[in-house]
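Next comes just one chain, in structure tokens: the form predicted alone.
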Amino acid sequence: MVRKIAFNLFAWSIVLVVAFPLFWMLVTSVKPQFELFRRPPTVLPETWTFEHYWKLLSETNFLGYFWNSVILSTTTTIVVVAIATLGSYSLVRFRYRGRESLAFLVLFTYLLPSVVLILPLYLMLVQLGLSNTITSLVIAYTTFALPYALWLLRSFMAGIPEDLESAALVDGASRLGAFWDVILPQLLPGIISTALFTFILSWNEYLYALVLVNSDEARPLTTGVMNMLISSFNIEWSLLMAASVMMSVPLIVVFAFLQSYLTRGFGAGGVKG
């Protein structure tokens, strides 16, 4: 009993330490301006206000940046998941020379620092005439999200018994038909898990967006908010906290609806057929 109580106290202590910055972000976003720098600070606001959210939505380009992030993250997720699904199927189901070496090479590219690829990508995108566009960020995000997604889906694909596909082929299904009717339904938890992680990576990415895009028309939230609210002389803390809360909402909603699939995906990826 003593060990159980001690373990629970330790676990809750970690949860409180991790959750406190999120709590402070939320309460700061609804504090009036005069309470932000009060000494000693107030844990809960004495006067609740949503003026910072209204100012953020009506007087800034936050909604434009938000829409850019939605388009960018969604497009990147679709491209990455589509390519990773077909690539993982090839790595698991087909036999050809260098298959394992190719799989480890893909993992190695994911381990490379992001800064190593920025200059080659920038020069390539300029030559293609795609600089300062959302398309350039989709291409850049695919370079670091695809290796991770491919390696993750490879483990999920290996957990699907090959006998299921063989039975469909014996019954007269084509290779494409067996893949569509047998493999994809079994792979769905893994696809959703991979899509979720890819969406989060794309939504939170900052370095590529900072270097590759300099126009407001294509800026995502990460660089748009920093450019809009932080300068060398001033930081709009109230607006910054309100923007941070609103940036977290899509991720919270996605997790709320896909949590069951994510849990099933972890279990499916850990089973070898």
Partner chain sequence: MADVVLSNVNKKFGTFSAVENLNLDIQQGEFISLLGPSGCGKTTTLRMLAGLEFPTSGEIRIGDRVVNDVAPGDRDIAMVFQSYALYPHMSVGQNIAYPLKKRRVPKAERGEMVAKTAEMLQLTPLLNRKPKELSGGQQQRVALGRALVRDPKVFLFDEPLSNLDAKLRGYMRAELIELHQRLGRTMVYVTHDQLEAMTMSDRIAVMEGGKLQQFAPPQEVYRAPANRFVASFIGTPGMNIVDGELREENGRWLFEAEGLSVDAGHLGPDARPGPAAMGIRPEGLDIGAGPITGTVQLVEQTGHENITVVRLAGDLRMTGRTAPDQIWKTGAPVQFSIDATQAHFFAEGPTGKRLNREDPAVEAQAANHATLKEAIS
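Not measured: the values here are computed from a predicted model. Residue numbers count along the first chain shown, from 1.
What comes next is about the form predicted together with its partner chain, which does not appear here.
- Contact check for residue 166: a heavy atom falls within 4.5 Å of its partner chain in the predicted complex.
- Using a 4.5 angstroms limit between non-hydrogen atoms, residue 171 touches its partner chain in the predicted complex.
- Though the partner is left out of this view, residue 182 does reach within 4.5 Å of its partner chain in the predicted complex, counting heavy atoms only.
- Although the partner is absent from this view, residue 85 stays clear of its partner chain in the predicted complex, with no non-hydrogen atom inside 4.5 angstroms.
- When you look in the predicted complex, the only residue of 186, 75, 133, 142 with a non-hydrogen atom within 4.5 Å of its partner chain is 186.
- From the list 156 to 164, 116 to 124, 194 to 202, 102 to 110, the contact stretch for its partner chain in the predicted complex under a 4.5 Å heavy atom rule is 156 to 164.
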